[in-house]
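Just one chain follows, in the form predicted alone, and it is written as structure tokens.
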């Protein structure tokens, strides 16, 4: 790991701002192409975080699992941080469930529910074993300004002391600057890239429960008039409950004690298969955001920096990993000093990934609008669709293949 003082005036092929799940995977992919990579991240968690109660969890589909395996990241995820699921079910309240099974498409499972920290740490574990070409890491700093010329991008960075005061101003140059720093991306803002989108009327409450029943390998979602209620299985005696509701209702629920929340779950969720206790909670708004540009000169956005979509189908991080895969593929044979070739690759990346992201966002919005209301006409439509899907196996398989990334 490089000391901050060693970074002054150094030049990199790629600087990645953001070392979360997506940014760290991007660093692994480009380092394995023998590119000189620097990752800038506020803090890197250590393995002790995995001993804490899980709270932030992502659904990793088969396509993402395959790609993370190719990068060498997947083997670093310990078994206690992930839970395989081989079935997923969805239904309208008081109607017959529509059940998707791995057997429907000839696979052993459909995906894994994995702690976000485990995905991030697994990528850094792979970074640490890359040897001489492993990416360098810079932590505890702030990006103050970004400038570009035809030849390179420049970051003006300051270290932050314990009082959150700027000290030791550094200048970092690179051929390519990647913003992987999330929905409130500094890279996007400092590059004057605007966004379009909106906030949904509903918010989401995530509850971690400690279970007294065997690990379930099915994830399910029931659509209720107030919003969907979902169950996500986790390993190590935990599961997650996802509660969508009006913003004011989620605010009220967030103020309850864990014991009071358990009573609400027993009253308003489908019945669970055994006893449980609520042990952690987190609430957040539902938003849709799309960057107006994924590429601006030598700046490119990946993951939530480029797009956030409704989490109803759990596709957010999978789209981010597709960004990483596509960008890395296009940069494979690129000499980073060749401006024309680099810009051509970035143009292809933007066209491909923005188009797919917009399609997925529109699909999730349609899905959300159809299932997150109590209008009689909509109820008839969605009940009819679920009934039809139960009858037509070919249609079920196509929906399932899309969900797992095939």
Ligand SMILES: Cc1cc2nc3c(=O)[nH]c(=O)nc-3n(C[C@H](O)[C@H](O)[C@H](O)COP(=O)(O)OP(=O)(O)OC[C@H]3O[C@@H](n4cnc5c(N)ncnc54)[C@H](O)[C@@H]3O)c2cc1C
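Numbering follows the first chain given and starts at 1. Computed from a prediction, not measured in an experiment: that's the story for all the values here.
A second form of this protein, the form predicted in complex with the ligand, is not displayed here; the remarks below concern that form.
Legend entry - Which of 29-37, 344-352, 51-59, 66-74 lines the interface with the ligand in the model of the complex (heavy atom within 4.5 Å): Looking at the partner contacts, the answer comes out as 51-59.
Legend entry - Partner contact for residue 156 in the model of the complex: the ligand, 4.5 angstroms, heavy atom: Close contact is absent here: in the model of the complex, residue 156 is far from the ligand, nothing within 4.5 Å, heavy atoms only.
Inset, instruction - Consider residue 116 of the chain shown here, and say whether it contacts the ligand in the model of the complex, taking contact as heavy atoms within 4.5 Å. - result: Residue 116 belongs to the contact set for the ligand.
Legend entry - Close approach of residue 239 to the ligand in the model of the complex, 4.5 Å, heavy atom: Looking in the model of the complex, residue contacts with the ligand do not include residue 239, since no heavy atom lies within 4.5 Å.
Inset, instruction - Look up in the model of the complex whether residue 213 has a non-hydrogen atom within 4.5 angstroms of the ligand, and give yes or no. - result: Result no; residue 213 lies far from the ligand in the model of the complex.
Legend entry - Position in contact with the ligand when the complex is considered in the model of the complex, options 105, 143, 253, 278, heavy atoms within 4.5 Å: When the ligand is considered in the model of the complex, the option within 4.5 Å is 143.
Legend entry - in the model of the complex: members of 29-46 within 4.5 Å of the ligand, any heavy atom: Contacting residues: 40, 41, 42.
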